[in-house]
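Here you get one chain, nothing else, as structure tokens; it is the form predicted on its own.
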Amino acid sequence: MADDLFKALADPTRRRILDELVERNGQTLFEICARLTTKHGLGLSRQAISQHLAVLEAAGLVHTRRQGRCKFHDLDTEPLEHIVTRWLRPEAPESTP
């Protein structure tokens, strides 16, 4: 699972998608594409963005939900929190003699 997470975070486009979901969670593919085009000047196709979202979903960073005909993408930061706590554990208090 950690390998999928690092693979997902390695790509700058996927990191921008995550940034957009942090700013406004629960977006459709159309909304994500529009924001990436207008804010970041990325001219990627919907299929390309969809593939990036699939990688993020496989890593557990994005979950989808359907509401009527729309498919919404929601950010899940739990995998990141798990990785962070893996290496950044709180230091044990120093023992005094």
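In case it trips you up, residue 1 is the first one in the sequence shown, and so on. If you're wondering where the values come from, they're calculated on a predicted model, not measured in any experiment.
Keep in mind that the form predicted together with the DNA is missing from the display, and what follows is about it.
Remark: residue 11 counts among the residues lining the DNA in the predicted bound form, judged by a heavy atom distance of 4.5 Å or less. Contact annotation: residue 39 falls outside 4.5 Å of the DNA in the predicted bound form, judged by heavy atom distances. Taking the partner from elsewhere, residue 35 is found to have every heavy atom lying beyond 4.5 Å of the DNA in the predicted bound form.
Contact check for residue 63: no non-hydrogen atom falls within 4.5 Å of the DNA in the predicted bound form. Residues from 49-84 that approach the DNA in the predicted bound form with a non-hydrogen atom closer than or equal to 4.5 Å are 50, 51, 52, 66, 68, 69, 70, 71, in the order they occur in the chain.
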